[in-house]
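First, one chain by itself in structure tokens, the form predicted on its own.
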């Protein structure tokens, strides 16, 4: 909880300002709902009493900070996030950027978008042509707020599901303090009898409100990062392959993800790994917690059906350090949970986030339908599925492989995937996929210092061999082009209440 003494976050803030901001923060509906539901939260046994007060204190601190930031910005003209972070010097720049996005969602800040069109020269089918490109500029300004203003109330994530944009990642279920949310690969249900209407699920949901502008601005603060508008901030890009014969037998492309996980477990850098493996229903993925390297190889290879991987994160609390493997929406969810509502991660044992490139995934039933309709094969005869060179490929136990144009299978993909702009897992420590690398190799993007160190340490251990992605064909240009296409074609999210 905010204390005038011994709180480095609020050094430089006068006692009067701090007390007023804390008083205003205490009226926040999320804080009230969380505090008032203490007995129910402790009874659910997801969070201990110590964790309950730690989360509550962090929420109060963050809301107090937001109220102070709001006061500092009153009367200012519309500004870019980077400009705001330089004006409000009392707090770390990334905190200020995070605060502005949340203040916008609370109804205090207006986002103004300016679109400019410029003409550029591009090579299209070997010919240089002039094409128009749109640039978007985002500025933020405090609204003229009336005295009787009531900050916006966050709906439960049922709103996201009913709007048909839910990615079924399962993060809301793990975070919910009273276990009111049940998520499967196809459904999301909230028990209204026990839901405490705290809005935490909405705050951390990757589809409730966008954090893209916050991530872009925060990445640009780190001058050690290279930056691309198509793949976001990164340290290095590589093309890599495993050297392990065991992993080569189960890998999809380069076997890099399984190799990294093996390195983490063998060197006791993590106690467990959250990933997916095939369930008893063939080709249907099942989220699992892996503690032993011998069980790790079951998670190798790509599963094109979606899985609610983050649904089991709350089951990992007994482990000191874990690694989580997931697709972009899941990495976005984990990152959002570290930013909002407090900046305190709900599960502080997530040490590594390993992201998988993803253009789109399929409902399990549609995977079976696709195999039957496009290939006329029994799905039990399929040993591997792949996407390469604009083709969807299935490999049979006979050794034969069959291919159809990727456009022929797009209709089987999940509708919800069309609302994702991220191909390469902007929010991971390390991102891995096949696009850009030759057959049998994986493209790797290291995005954080610990991610880059992990990758280099795995190379030093001779578990992985690697070269620069810029030195292979088709290389980084193809990866950036496809990532740019996904961002360009992403549909806007519109949240609408279902009519009763």
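Numbering follows the first chain given and starts at 1. What you are looking at is a predicted structure, and each value in this text was computed from that prediction instead of being measured.
Beyond what is shown, the protein has a form predicted in complex with a small molecule; the following relates to that form.
The small molecule is not shown here, but in the predicted bound form it comes within 4.5 Å of a heavy atom of residue 309.
In the predicted bound form, the small molecule lies farther than 4.5 Å from every heavy atom of residue 209.
Interface membership of residue 233, defined by any non-hydrogen atom within 4.5 Å of the small molecule in the predicted bound form, is ruled out. When contacts are judged by a 4.5 Å heavy atom cut-off, residue 253 counts as touching the small molecule in the predicted bound form. Only one of the listed residues (151, 314, 360, 94) places a non-hydrogen atom within 4.5 angstroms of the small molecule in the predicted bound form, and that residue is 360. A heavy atom within 4.5 Å of the small molecule in the predicted bound form is found for exactly one of 62, 435, 454, 69: 435. In summary, the region of this chain contacting the small molecule in the predicted bound form, judged by heavy atoms within 4.5 Å and restricted to 349 to 357, 365 to 373, 134 to 142, 101 to 109, corresponds to 349 to 357.
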